[in-house]
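So this first bit is one chain, no partners, the form predicted on its own, shown in C-alpha cells.
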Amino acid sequence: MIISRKRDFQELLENIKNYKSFFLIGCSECASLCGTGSEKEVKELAETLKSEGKEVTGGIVAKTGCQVLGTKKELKAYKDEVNSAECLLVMSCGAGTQTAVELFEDKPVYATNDSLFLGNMTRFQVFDERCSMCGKCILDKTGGICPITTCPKGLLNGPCGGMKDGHCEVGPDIPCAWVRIYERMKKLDKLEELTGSVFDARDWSTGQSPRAFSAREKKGK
C-alpha cells in the first residue's frame, strides 16, 4: 500500500490562500488505512477549512482514488458541488491527486498529503517500507526478503563490513537485511542456493520513471 502523511496545514493554507471554496476527495484504500483520507479525515478537514473562513461545497471518499475512470464515474454524482468549488483538495497519495488533475484540467488541484513509500502496515497505522518497486524482483532468490529496500545501502550482496551483532551500522534498530536473509534461507534449508551465488551488477533501467504497463493481452495472441 502507498503510505501517506498529512502535509503541514499552514503550508496547505499558503497553497490555497487565493481560493474560497473547495471540494474534497478522499480515498477508501491506502489513505483511509493511513488515516489521511477516510470519511473521518474528510469531515475534519471540512470543519477546519470552515473555521478558516473557507467554503466546502462537498466531499467524497473515492473507492480507489488512483483509478481514473472509476473516480470519474463516482464524481458524476457530485457534478454541481465540484463545479461550484474554485479548487479541489485531494486527500490520497500523489497518484490520486493526479487523477483529479487529469479529470479537471481547468481547476486547481492540491494534495493534502505527502506520499512516503510502498509499505506494509505492521500494527494499526504503523508502517514499514518493504518494496522499492524497482521493476525486477529478486525475492525468489533471497527468501522473500528484499535487500534493495530493507538494506539502507541497497546491497545486492551482503552483509557489508558495517554489520554488527545482526544490525546495521546506519541505525542500531535496523536488523541487517542480509543477516535476515541468511537466517531465513538457513531455516528453509536453502543455504546452498544463497551461498553458491553472487548477484551481478543490476540493470537499474527497469526502475526508470516514468513507467507504464498494460496487463491487457495483446491482440493476435
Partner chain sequence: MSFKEALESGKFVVTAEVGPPKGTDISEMLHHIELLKGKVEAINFTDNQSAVMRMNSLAGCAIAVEHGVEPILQMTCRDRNRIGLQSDLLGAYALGVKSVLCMTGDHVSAGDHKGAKPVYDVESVQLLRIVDSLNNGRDMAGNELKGGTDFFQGGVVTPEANPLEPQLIKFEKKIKAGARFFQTQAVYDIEKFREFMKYARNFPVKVLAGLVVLKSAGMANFLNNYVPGIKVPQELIAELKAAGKGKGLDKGIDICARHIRQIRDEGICDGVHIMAIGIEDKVPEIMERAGL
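Residue numbers count along the first chain shown, from 1. Keep in mind it's a predicted model, so treat the numbers as computed, not measured.
The form predicted in complex with its partner chain is left out here; the points below concern that form.
Candidate from 33, 46, 194, 60 lying within 4.5 Å of its partner chain in the predicted complex - any heavy atom: Contact residue from the list: 194.
When the contact criterion is heavy atoms within 4.5 Å, does residue 9 count as touching its partner chain in the predicted complex? Although its partner chain is absent here, residue 9 would stay clear of it in the predicted complex, with no heavy atoms inside 4.5 Å.
With a cut-off of 4.5 Å between heavy atoms, is residue 53 one of the residues that contacts its partner chain in the predicted complex? Residue 53 lies outside the contact set for its partner chain.
Closest heavy atom of residue 175 to its partner chain in the predicted complex, within 4.5 Å or not? Although its partner chain is absent here, residue 175 would stay clear of it in the predicted complex, with no heavy atoms inside 4.5 Å.
Although the partner isn't part of this model, could you tell me whether residue 189 comes within 4.5 Å of its partner chain in the predicted complex, counting any heavy atom of the residue? Because no heavy atom of residue 189 falls inside 4.5 Å of its partner chain in the predicted complex, the answer is no.
Going by heavy atoms within 4.5 Å, which of 150-158, 66-74, 38-46, 25-33 lines up against its partner chain in the predicted complex? One stretch meets the cut-off, namely 150-158.
Non-hydrogen atoms within 4.5 angstroms of its partner chain in the predicted complex: do 87, 102 and 107 all have one? Result no, not one residue of the spot touches its partner chain.
Of 155-185, which residues get within 4.5 Å of its partner chain in the predicted complex if you count heavy atoms? Heavy-atom contacts within 4.5 Å come from 155, 156, 157, 158, 159, 160, 161, 162, 163, 164, 165, 166, 169, 170, 179, 182.
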